[in-house]
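Coming up is one lone chain in structure tokens, specifically the form predicted alone.
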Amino acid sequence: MSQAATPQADIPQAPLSQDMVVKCIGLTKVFKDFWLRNRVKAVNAIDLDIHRGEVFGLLGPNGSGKSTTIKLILGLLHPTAGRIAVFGQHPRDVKNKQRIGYLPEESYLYPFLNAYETLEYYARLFHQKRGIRKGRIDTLLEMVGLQHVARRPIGEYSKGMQRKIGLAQALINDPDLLILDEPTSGMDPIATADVKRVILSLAERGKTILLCSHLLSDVEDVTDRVAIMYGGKIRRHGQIDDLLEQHDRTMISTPAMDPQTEERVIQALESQGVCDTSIARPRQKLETLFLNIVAEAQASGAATSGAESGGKIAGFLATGADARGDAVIEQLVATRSTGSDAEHPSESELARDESKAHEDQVIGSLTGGAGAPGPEAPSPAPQTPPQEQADTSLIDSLIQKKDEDHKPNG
């Protein structure tokens, strides 16, 4: 009896449109116990589409399958069933990693490195030239408001500051897809407003952003579409405005009215059969009030020892015509940096040359300079330290004495 072929779980059968960044069909992930029995179905046959240039919110309580879905999209987990494609390719395709930026839920950073060294480390992982990575690090630190603490160890940062440097490292490679898992966790309202501003600006520049957060007010402010998960399934998804619209209520907005006018308006509505009517003053968000107070304090010159507000979006994160211009500038900087590297060897080259010179010196001392290539005179033998000379003479005397003891008596 022939065994049926097992379908490959996460390879797309047909090429996706250029507008589609992430495509999931029947995506399922089951975790098993030690005896290979199904323990929990973390993701249960979900269908998910994320389009280019949109901010997509993935919502749900703890244990609903959000983080597992993100790890499946990143290729960190292999799906039990279903299909998944990122940029039309297998999620584990190494080339896709160059186009993805990821901020995990916890900031896994080296506490003894400072902010500049941290971004330098991640930039080197993407093999960026010296001139390019220096320009990107400076602009990213300014963008997240950490330029004045760039030389302070990460271990001394607050959680909100660590999240900011984590966001900067997720952007160091200028990703096309940015995945943010709880990006505003531990941040004050000022830092949260900075992060939301960055997200909206990146979306305007054509970046695709997958946002996972428990702070629903933040998600509401920046997302285009959302999917709400529970028990491994997507229970509701769609445009944020469509999902939040209340179809059984009507809101009328007018300039401020005196109490007599308000009473006449209510009577007029009731005469038309519109009951359960109330008039109230609109309220602004507490976040808006907080930011306005802080802005007034900053305008008056008040100082603070905390993180500053972020600056403008880094230029290398632009798309379209701006991106082409930045690409030309980066190419020129890289060319200049390459020339500078040729004039000034890198640390690895200097170490390699020093090691080779040391090897040549050792070989020359062992061979006594015989067979040394080139017309140049051999370099003088290194002077032996006094202690080594004493040890050598002692060994020679012992060998001589041993030879005399073994000579036959004549």
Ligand SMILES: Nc1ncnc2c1ncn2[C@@H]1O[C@H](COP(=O)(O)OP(=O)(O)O)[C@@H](O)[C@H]1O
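Model, not experiment: these values are computed from the prediction. Numbers for residues come from their place in the sequence shown, where the first is 1. We call the rigid core whatever largest set of C-alpha positions still superposes within 1.5 Å between the two forms.
Another form, the form predicted together with this ligand, is not on view; read the next lines as being about it.
Although the partner is absent from this view, G63 contacts this ligand in the predicted complex, with a non-hydrogen atom inside 4.5 angstroms. Residue contact check for A45: none of its heavy atoms lie within 4.5 Å of this ligand in the predicted complex. Under a 4.5 angstroms non-hydrogen atom cutoff, this ligand in the predicted complex lacks T28 among its neighbouring residues. With the partner left out here, this ligand still marks one of 191-199, 67-75, 123-131, 260-268 in the predicted complex; by a 4.5 Å heavy atom cut-off that stretch is 67-75. Taking 2 Å as the criterion, R39 counts as shifted between the shown form and the other one: its C-alpha moves by at least this amount when the rigid core is aligned.
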